[in-house]
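The same protein chain appears twice below, in two forms, each given on its own as structure tokens and labelled structure 1 and structure 2.
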Structure 1
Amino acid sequence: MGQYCFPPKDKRETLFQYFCGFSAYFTYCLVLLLFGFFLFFAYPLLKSGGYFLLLVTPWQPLAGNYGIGPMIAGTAVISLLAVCLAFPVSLGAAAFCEAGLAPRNLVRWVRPVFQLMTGIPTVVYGFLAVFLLVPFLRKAIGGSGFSVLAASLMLALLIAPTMILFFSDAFRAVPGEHLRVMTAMGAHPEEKLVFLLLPQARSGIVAGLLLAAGRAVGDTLIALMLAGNSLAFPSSLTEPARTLTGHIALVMASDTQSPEFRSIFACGLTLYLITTLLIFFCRRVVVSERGKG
């Protein structure tokens, strides 16, 4: 058996191992450093209790109030609506491609389009919406067209390809022998989708849903270009709103020394915590499903 053993590692393999280890620890430390950065600058607000007050109060700089409550509400409404719009369409597209509902030749042409859409820069989506979607909404529902609805529709288009690819990979991970058994039993593609693919791919679907939600929460340009950037709490889908990411970009572009600027560290810390919670919940779902398997 000794003649089949691999030879001892040489210096190049050892060096490559150290490089991989350094890359992993460096990335891990960067994530912790980013959290420490926001925590350090937001600490005075946390210590005085002002951070929690910022979360629920309005933004009124002339009155000395730098609350980010409207931005949190705008982020939540726009992201949630985008996910609700994109989820059924994405699940239907993934099922159409992977559940035997579409001809294989068609799938070979459609799937690369979804992959291409994930690489299109966000500003292209925003630019397209400013000249097509916003005028359409202005004529259809009135107002300026820059609204929660405009930002949510374009965010849904932005995150849909990511969700489709995640869902497709989850369907493809279902063991082929299970599909062959159902085929031998005479099951139709719709029955295989409902009784096999969807239950088996549940963890992948939830993971794709949460990661897409994280991208919707963290996107800056779409909300900045289309939401209208109002400082008021969003009262309806046709009214403008401002997200946390858009607020950070606008404040940083105007000043770097004012109290307004210091308040954006609270925005950054809030975004960091929201994204961390989404990823943590995603990991819990995946680990739980693996445990059941």
Structure 2
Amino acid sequence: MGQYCFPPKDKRETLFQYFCGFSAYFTYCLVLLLFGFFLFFAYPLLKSGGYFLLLVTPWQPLAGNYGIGPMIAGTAVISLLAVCLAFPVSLGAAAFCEAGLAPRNLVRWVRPVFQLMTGIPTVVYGFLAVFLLVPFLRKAIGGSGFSVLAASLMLALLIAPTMILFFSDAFRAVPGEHLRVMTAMGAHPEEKLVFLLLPQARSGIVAGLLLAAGRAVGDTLIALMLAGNSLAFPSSLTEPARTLTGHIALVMASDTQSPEFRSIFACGLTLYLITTLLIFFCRRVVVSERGKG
């Protein structure tokens, strides 16, 4: 509040302003603290250069090998598959809601369902899938049913509402005059979607994709409950796998002294870097677009 000419009236107000400033910088410090914390605990690994080795080597505790390669592969496969599954569906759903393809009354009924989806906890998705999806997969394709496929199907469901909301906002931000001009030229709603809305909303779509990918990478419970948590590199979609988040949860639950415990800070650092990069690019995309407009 320093930019206004009136000074604070008394001491209490000054105190309040200091408190507000303090809490803003506290958030700043919290993020730095989190980074410093992972750096500190992963430092022994970083110093010996072993961190980059850890990222690619397999997990063989008996041979003294605590590589997190399989978990990175598991995370990558599961979240990529989830994003690939969720993207077309979300794009279709957002177009359905915003591009005038459907009757208004139908949209009015469908949209609240998507809004409700944002509020369904991940643990509930995991629980439902354990008793509905996994037995089905077991019957349909054999194996235990706890697999990469099960986890990414449920993750796709989890990240779909995030994408739908972002895409809808991006579609809605397209100027109304452009739409009206296209209508006046006799364009169908589908043509407006393909030639106007999609190109105009490109940055919003990319930002939504990145954000949803971040959610998929960071989710713990679905992968923990559905992916089977095996420690090998996943070789096919019906094989079990373990993610970075699941690995942290599982190792924390067992013990806190062994070298295995050290390895989870390497996992944590990797996760931190991945999510920070995703958020960074997401912001870049949004801000550069805003600067242009």
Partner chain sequence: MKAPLRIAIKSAAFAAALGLCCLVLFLLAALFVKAWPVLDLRLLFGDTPPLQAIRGVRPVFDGLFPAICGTLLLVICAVVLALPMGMGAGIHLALAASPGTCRRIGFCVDILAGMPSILIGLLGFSLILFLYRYFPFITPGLLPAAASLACLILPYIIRGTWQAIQTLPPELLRTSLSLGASPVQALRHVLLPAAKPGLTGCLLLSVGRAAEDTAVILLTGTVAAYGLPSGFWDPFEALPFFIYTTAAEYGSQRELAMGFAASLILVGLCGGLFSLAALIRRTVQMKIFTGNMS
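What you are looking at is a predicted structure, and each value in this text was computed from that prediction instead of being measured. Just so we're on the same page, rigid core means the largest C-alpha set that superposes within 1.5 Å between forms. Each residue is numbered by where it sits in the sequence of structure 1, with counting from 1.
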For this session: Determine, for this pair of isolated chain forms, which one is the form predicted alone.
Result: 1
Exercise. After the core is matched up, is the C-alpha of Leu15 off by 2 Å or more between structures 1 and 2?
Worked result: yes
For this session: Compare the position of the CA of Ala24 between structures 1 and 2 after a rigid core fit and state whether the shift reaches 2 Å.
Result: yes
